[in-house]
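Here you get one chain, nothing else, as structure tokens; it is the form predicted alone.
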């Protein structure tokens, strides 16, 4: 039977709640949302085309510019793909330091995602608390890598800088403060009546729909999808006794809570790395060779895959990047916001899936 549409409502491409330009086209009957389409294409960078034909030393800096929020994991997955091609080994100390940088990046990414969600449902106080806490995390990323955003910390066969004992002590003290602050903020989020009304039962996606839509990252884990965290397959994380965090509610509340829980888990992982940091070199050396490989790592939003082909001089002949947000955005349009009872819930549900347009339109 044909659906009767009262009005089509465009959200974006410029919207106060969007971090980046994207348009949602919603068809409604009264307040109820019947159908939503996502329109991309407002900030295409063509970065993969620019990478082709360049030496890996230049492509490394371009890779971390795919996304300004999770730049460390782009650096890490690109470098680990090059190591896969060239059979380059990483010293244990460098492998642990990579985890430290990657988890600091994950904490910063999750905090800005939850900031955006709280801002969207108009809980601006909690949003600002989260943004302030994130600054402390970025300060520590700068302390150990030399930069807050584009760190270029990982290189084939190791990392650029060692972790000094005095920097490790400051970082652990700061993370203890972050942990204390977040415990209070999570209590506010869990018990706030406004947050409950705008989040619990809103934007529901079942486990079956999440699997059908190929969702990844916290979006999938909030719907109860098991074994979808690629850190489970990473040898360094396996040595740290890593376990995936999953919830079953499948709504906006669950997606935000999964990210909060993963922040606490990241702090524990960093403490484990510092406590058990092996002695030895931070660079093992090795030359990038000709070959081809496809390698995936777990970004803050989910599976991130680099497929790279190189020549005998280590130049990138061909490269393809698959970022996690495209699957989560599609799942949002087809499952989370369909039949929403209010157009206001479309915005918050879209933000709850933590979309990254910069990654999508690289």
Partner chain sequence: MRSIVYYVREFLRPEWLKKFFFVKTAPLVTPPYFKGYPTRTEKECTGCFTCMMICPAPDAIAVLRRKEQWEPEVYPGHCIRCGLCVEACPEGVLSSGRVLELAGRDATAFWHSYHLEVDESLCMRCGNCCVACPINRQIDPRLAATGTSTSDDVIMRVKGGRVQILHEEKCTGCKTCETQCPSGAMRVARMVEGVQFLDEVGS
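Positions refer to the first chain, counted from 1. Note that this is a predicted model, so its numbers are computed, not measured.
Unshown form predicted in complex with the partner chain; subsequent notes refer to it.
The stretch that touches the partner chain in the predicted bound form, counting heavy atoms within 4.5 Å, is 164 to 172, out of 213 to 221, 70 to 78, 255 to 263, 164 to 172. Residue 281 is the only one of 291, 281, 196, 278 with a heavy atom lying within 4.5 Å of the partner chain in the predicted bound form.
Although the partner is absent from this view, residue 42 stays clear of the partner chain in the predicted bound form, with no non-hydrogen atom inside 4.5 angstroms.
Taking non-hydrogen atoms only, residue 120 never approaches the partner chain to within 4.5 angstroms in the predicted bound form.
The partner chain in the predicted bound form comes within 4.5 Å of no heavy atom belonging to residue 127. The partner chain in the predicted bound form comes within 4.5 Å of a heavy atom belonging to residue 57. Contact residues in stretch 125 to 155 (any heavy atom within 4.5 Å of the partner chain, taken in the predicted bound form) are 139, 142, 143, 144, 145, 146, 147, 151, 155.
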